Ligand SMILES: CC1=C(/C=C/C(C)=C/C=C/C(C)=C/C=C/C=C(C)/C=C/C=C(C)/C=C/C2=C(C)CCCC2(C)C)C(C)(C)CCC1
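First comes one chain, alone, set out as structure tokens in the form predicted alone.
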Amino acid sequence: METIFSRNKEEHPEPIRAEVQGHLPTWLQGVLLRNGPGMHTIGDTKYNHWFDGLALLHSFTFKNGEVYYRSKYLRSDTYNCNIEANRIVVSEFGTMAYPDPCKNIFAKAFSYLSHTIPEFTDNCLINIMKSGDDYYATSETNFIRKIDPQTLETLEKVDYSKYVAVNLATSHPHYDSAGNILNMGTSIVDKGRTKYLLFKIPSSVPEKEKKKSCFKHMEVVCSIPSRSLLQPSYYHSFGITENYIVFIEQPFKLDIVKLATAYIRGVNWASCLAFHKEDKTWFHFVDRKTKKEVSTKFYTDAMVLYHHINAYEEDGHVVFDIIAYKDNSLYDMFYLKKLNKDFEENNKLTSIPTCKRFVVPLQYDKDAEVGSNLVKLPTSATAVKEKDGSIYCQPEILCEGIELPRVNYDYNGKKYKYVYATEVQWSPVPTKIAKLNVQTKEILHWGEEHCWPSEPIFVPSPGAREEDEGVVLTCVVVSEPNKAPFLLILDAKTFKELGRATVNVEMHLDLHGVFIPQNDLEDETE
């Protein structure tokens, strides 16, 4: 049975004028660009998992008080091959595609053998990344696709692995003050020497090399060896402070041997991921100046996390906030067979997302007694010295039930106050959005019946002096059949509605995105 999750969405490549209610700030000019899965059935074949669907880009353009909507499928090689064959022929993480049964036996055998080191998909459906003046659709493979943020046209394909030895990369990069991209990827090509690589993509190239792309100047900043060579940690994001990279090696692991034999065994790659609840979660801190890892071993109990919120330094400590789970039930919830019409009643997460603050003392008294708490900041988070010199960390709980967190990016890596997030309880679908003050733990909400809001994006007002001076934008899908979806604009400070822009199309549930101010778009067209 088709549901709001599994129905293929139509694309709307020509702009559709939205009906605006309320008052939009006159300074709000630019494009909200978002990404997520939009097509789950091709011919007679269906994807198994919601995260496997073909990438559908959509955008809201703000121009002089008017709002225009458009959407377009990413014309990836994956999309083109599948549409041409009228069936799924490119494997995704939760759906393995097999050769056409009409192919001869030799072609079939070759196809099986060639999958031992998987050729990953370029169906970049998770996020949008800015590189210099360009924008790219991203996922967690080694491929990204350049796109035109105004027309949503798909442009060239970039393969990270041509420049640095990564097979997988996060879709949540960070940007430094000069606009360079910092990202992390896993390198599994190096004969049992599995490692995590932090790499940098410069925002521009030297004048004399203007014809070369920024990717030709990519460099590995540092590498962290995996604690388990054949079972590296899965990770979706990482943290950054002024002086450190924060990487969490969690016991949610990818089995490389299983990955290499998945195709032959007739199972999907997702089945090669397993949560080892008896293991520890290790914290790695890389000094951004020396490019060396802090030698002290910091750890906590087994957990699964996807999203870092923010991190900063204070009095010799690194403070970092994350959203963590006690198990990996979240991924399993999104298999399409579970997202049926009764999914809200029948499917409950076995672990609620918890917003945790860890406080890690990088500078501490080396003669401190075993068993003593080394944290010197006012917090209930602890870091206890063990006999072997390692430090066992326990978090302060900031709140429960939020996901898809965003902050004012001007405060990324710095001490901050506010998180904007979707609110989820035991069901994986957000019913509200929330603004959390991490210092007072006070929460403001917005919610309406039958409304499923997406990740909220904060846009600062021009010349803003306060952290929450601006607006919050979220795309809202309505689960009631006769009501149209809309873009919601909230005052970030009060969390009161300023206005909404309604479009009479079936909008897809998306994942992540960016707001591109008009000035940045003008720079690009110049």
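Owing to the predicted nature of the structure, the values given are computational and were not obtained by experimental measurement. Just count from 1 along the sequence shown to find any residue number.
This protein has a second form, the form predicted in complex with the named molecule, left out of what is shown; the following refers to that one.
Residue heavy atoms within 4.5 Å of the named molecule in the model of the complex occur in exactly one stretch of 366-374, 290-298, 392-400, 233-241, and that stretch is 233-241.
The named molecule is not shown here, and in the model of the complex it never comes within 4.5 Å of any heavy atom of Pro149. Mapping the unseen interface onto this chain, Phe334 counts among the residues with a heavy atom inside 4.5 Å of the named molecule in the model of the complex. Contact between Leu511 and the named molecule in the model of the complex is found at the 4.5 Å heavy atom cutoff. Interface residue remark: Pro251 is not counted as part of the site for the named molecule in the model of the complex, having no heavy atom within 4.5 Å. Contact check at 4.5 Å (heavy atoms) against the named molecule in the model of the complex: all three of Leu125, Ser139 and Leu168 pass.
A heavy atom within 4.5 Å of the named molecule in the model of the complex is found for one listed residue only; from Phe247, Phe93, Tyr160, Tyr420, this is Phe93. Checking Leu404, Ile322, Val318, Ala434 against the named molecule in the model of the complex, a heavy atom within 4.5 Å turns up for just one residue: Leu404.
Shown without its partner, the chain has Trp50, Phe51 in segment 42-75 as residues with a non-hydrogen atom within 4.5 angstroms of the named molecule in the model of the complex.
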